[in-house]
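Shown below, as structure tokens, is a lone chain in the form predicted alone; questions about how it binds or moves come after it.
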């Protein structure tokens, strides 16, 4: 199940990113590298009470200026809003109401997405309500005074926000499997789609950029339906000009987000390029199951070691998707194409998989028994109290600990490795959410919400 999205919208320099950091309890963002865009959207996981969701930060909106990349930033915000379950408009309580705020509010009222109004930089509780009162005229309901720096008011904002989001356990799963076919231009994506459907339903051309839009095809096999989504070839950002290709690539990125499984098509003759690495990173960041499809394998000169050497090359260059299955095919001849759907079935099943709390804690007990958490020089040691799976697609496991800062990256990778060794999760990313005891105590104690989330 895909997590609901919350879009953070506002003009420049009102503190949107700071508020995102506060809501997600992080200090830096995962940047989704998109062609032709200087201020990219960032997606980060957050939770509050019984809700898990994604927060998407956007660039500052300016509607009365079309210079440089401002139109692209507007397009980014529109894309974020189109996929959001709710939005938070951020304004500056110290500066007060501006014409730019009024323009953005008018634009937001034209959409059906619920909008909350956060009046940031209200560091004083006494002055906060006075500062917020200026923004009632925007017509977006009650303005909530908050301080992204200190955390005041963010608990109340989150309490209201989650009323617009579905509880994690109520997110619906689709019976059809949505499969996005992505890759650089001219790696054979459309040829692969044609091989699946058995006829020339997509335009195939050696000229890069032939596919301008995401194309959906329905295929059925063994009473299982697959929605195959062909997408535009994704080039490096600096090579893309604003226009049809830019919008086609944006739709390709959106296709990744709505897919259950992504086929990352690689050119066997080119090897793994830097752009392939960026695409694999984006797929992993978006939490999609993935299969590495090495196309044009029939054109490679081989000996008995070729496939093993190439497999090691893939794992070295795409180490952040080492959980993904790989297959070597020829879309032109159809060689091994039919086996791709077998891998899709497995990846989709693991992507939707749910494991009981008792099994998760058995794995944790064994893992800690073999390798206990490291201790600091001051003698402080991390403790894992228990774990439970909170969502699927991708499988996400919350680990409740004394202090998440006591667990370094090596130990976190070790725990993930133990889960994969014991439980599998082949073909899907696995999210481990390290939740500190102090955070949980704050959620249980409303008195603390006024000062910190």
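Superpose the two forms; the largest set of C-alphas matching within 1.5 Å is the rigid core. On a predicted model such as this, the values are computed, not experimentally measured, just so you know. Positions refer to the first chain, counted from 1.
Another form exists, predicted in complex with a small molecule; not displayed. Remarks below refer to it.
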| Going by a heavy atom distance of 4.5 Å, is residue 431 a contact of the small molecule in the predicted complex? | no
| said: Whether residue 218 contacts the small molecule in the predicted complex should be assessed with a 4.5 Å heavy atom distance threshold; does it? | reply: no
| query | Contact between residue 332 and the small molecule in the predicted complex at 4.5 Å, heavy atoms? | reply | yes
| task | Tell me, yes or no, whether residue 11 is in contact with the small molecule in the predicted complex, where a contact means a heavy atom of each within 4.5 Å. | result | yes
| query | Since the chain is shown here on its own, which stretch among 296-304, 357-365, 157-165, 97-105 would lie within 4.5 Å of the small molecule in the predicted complex, judged by heavy atoms? | reply | 296-304
| note | Of 260, 231, 321, 147, the only residue with a heavy atom within 4.5 Å of the small molecule in the predicted complex is 147
| remark: From 114, 185, 128, 287: within 4.5 Å of the small molecule in the predicted complex by heavy atoms is 185
| field | Core superposition between this form and the one not shown, C-alpha change of residue 373 at least 2 Å | value | no
| Under a superposition restricted to the rigid core, does residue 300 display a Cα displacement of 2 angstroms or more between this form and the one not shown? | no
| said: With a threshold of 2 Å on the C-alpha, tell me if residue 20 counts as moved between this form and the one not shown once the core is superposed. | reply: yes
